[in-house]
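One chain is shown next in structure tokens, namely the form predicted alone.
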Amino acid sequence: MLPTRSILSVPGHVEKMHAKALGSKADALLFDLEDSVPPEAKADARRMVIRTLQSAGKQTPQLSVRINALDTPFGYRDLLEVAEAAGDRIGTVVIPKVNHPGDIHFAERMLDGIELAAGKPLPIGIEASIETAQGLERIRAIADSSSRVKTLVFGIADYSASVGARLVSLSGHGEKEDDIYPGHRWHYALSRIVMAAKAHGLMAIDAPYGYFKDDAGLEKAATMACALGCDGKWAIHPAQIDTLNRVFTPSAEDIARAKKVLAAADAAEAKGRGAVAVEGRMVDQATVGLARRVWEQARALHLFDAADE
């Protein structure tokens, strides 16, 4: 899958934001029909998003739509209308508050039917947002529920509410955590999501950081998510994109280290040796795998020339 370091969430009912977002430096755009849209604007938002998707040019970030939850009167209609009208323009749909693999099965069957009716492939992936204790408990089954599932996303605010955690900030999205907890308060939940995602070949995306004027807090949260194995993080404001892209991009030092490890591994294999030595240090195959992942990410981001291959 393409790198998804930054995913900019765009309110579906604010059409003037759509065009600006399409020209942003985010790796992906998420047109939101759920939390950012008031109930009375849901239908209009859906029509606006479809119109934007249909008229968008080719040179845009990756495009996605977050539908409403499937236990609302809006979710099924979002999925049906967006996929029928603009299914060839989006890469994924985000399903919020996935509590059971049955939620994924429902969406999969609908997308399969829409694809059959269209008479052409519509390889729309599914991003499952894990936002409750129920969803986290069933994370393995959700991750393994369909070949359309491409990504697991952490929904921090709703998850906090579902477990009765203390609210310590206005947004409930990650800031001021150090005031009440000595460490990463959501380490277990996020690590479990990452583990389930990577065990099934999926991407793992962290929740947004709610205070968009706090660059230091955003960088700290993104660095922690990256260290845990997340592939990227949602953004709620364009000002957050550069920081996220930088944090989730391998540094020149990372790439040089990976190149050195992979070169040593190739040399050892050519000599029929299993062990790899780099600068007097023994390197196991797990580390070689990590180096290969960094190298592939750097290649996808065009961070080196073909001569460096």
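Residue numbers here begin at 1 and follow the sequence given. What you are looking at is a predicted structure, and each value in this text was computed from that prediction instead of being measured.
Not pictured, yet referred to below: the form predicted in complex with coenzyme A (COA).
Contact with coenzyme A (COA) in the predicted bound form, judged as any non-hydrogen atom within 4.5 angstroms, is confined among 205 to 213, 109 to 117, 82 to 90, 132 to 140 to 205 to 213. Of the residues 288, 17, 294, 301, just one reaches coenzyme A (COA) in the predicted bound form with a heavy atom at 4.5 Å or closer; this is 17.
Distance criterion of 4.5 Å from any heavy atom to coenzyme A (COA) in the predicted bound form singles out 36 from the list 249, 243, 36, 60. Contact check for residue 237: a heavy atom falls within 4.5 Å of coenzyme A (COA) in the predicted bound form. With a 4.5 Å cutoff on heavy atoms, residue 27 does not count as touching coenzyme A (COA) in the predicted bound form; it lies far away. No residues of 96 to 114 lie near coenzyme A (COA) in the predicted bound form, the criterion being any heavy atom within 4.5 Å.
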